[in-house]
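The form predicted on its own is given below as one chain in structure tokens.
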Amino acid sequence: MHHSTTISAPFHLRRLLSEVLTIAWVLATCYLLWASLRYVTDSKHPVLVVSSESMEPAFYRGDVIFLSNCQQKIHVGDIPVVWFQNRSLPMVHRAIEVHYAADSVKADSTFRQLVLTKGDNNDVDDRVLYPEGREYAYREEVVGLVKGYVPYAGWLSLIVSDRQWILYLMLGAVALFVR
């Protein structure tokens, strides 16, 4: 009597579906954690990586920062993360002046919070970095205030964004490893 050592097609299909469902479960879990973090912090960007030296010695390039946008008013000394429209990256700098001005956009006599920022490692304030003709950043351009950080935890992200070929190399290695 001859026994076949081949594995049936339904077994291969079951194994493939199991792997696909496991990957889908991991991705869904990551998405739900990210969505929950966004909700709890009231920020579209609750975690960012510092990409410049402008805030040294408070933060260094590659530090991961954690944001919260729950605090309505910004105070001098806070570190708001300002993301201007049509800019590819946000700006993580300390608030050095805070003012209030009548909001000309709204007719209900509300006040708009105006914030002047400066990097701790910079010699001058950020007015030259603001949109043309602006002296201040607006509170509504702040995506969150820095509430904590992990030193150097974001270096891999910076390396991959600076040298995208490394991302493709890593993806290729993962694809080979999964087989």
Partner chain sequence: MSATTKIAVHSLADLKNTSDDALPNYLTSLKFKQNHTQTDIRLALGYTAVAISGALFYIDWKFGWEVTKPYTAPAVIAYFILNTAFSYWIWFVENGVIFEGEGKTGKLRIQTSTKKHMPVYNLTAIFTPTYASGSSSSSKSTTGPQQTLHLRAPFTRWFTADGYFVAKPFQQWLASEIPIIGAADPKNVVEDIGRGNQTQTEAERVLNLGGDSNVLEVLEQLKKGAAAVGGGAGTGSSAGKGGKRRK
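Positions refer to the first chain, counted from 1. Just so we're clear, the structure is a prediction, and the values are computed from it rather than from any experiment. Only the largest set of C-alpha atoms that superpose within 1.5 Å between the two forms is called the rigid core.
The discussion below concerns the form predicted together with its partner chain, not included here.
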- Item | its partner chain in the model of the complex: contacted by all of A102, R112 and L116, heavy atom 4.5 Å | no
- Task: Although its partner chain is absent from this view, report whether E56 comes within 4.5 Å of it in the model of the complex, heavy atoms only.
- Result: no
- Message: How about L17 - does it come within 4.5 Å of its partner chain in the model of the complex, if we only consider non-hydrogen atoms?
- Response: yes
- Query: Is K44 one of the residues lying within 4.5 Å of its partner chain in the model of the complex, judged by heavy atom distances?
  - Reply: yes
- Message: Check M170 for me: does it contact its partner chain in the model of the complex (non-hydrogen atoms, 4.5 angstroms)?
- Response: no
- Can you pick the stretch from 128-136, 150-158, 56-64, 36-44 whose heavy atoms fall within 4.5 Å of its partner chain in the model of the complex? 36-44
- For the heavy atom contacts within 4.5 Å of its partner chain in the model of the complex, list the residues of 22-40 involved, in sequence order. A24, W25, A28, T29, Y31, L32, A35, S36, R38, Y39
- Task: Return yes or no for L156: a CA shift of at least 2 Å between this form and the one not shown, with the rigid core superposed?
- Result: no
- Shift of I23 between this form and the one not shown at or above 2 Å (CA, core fit): yes
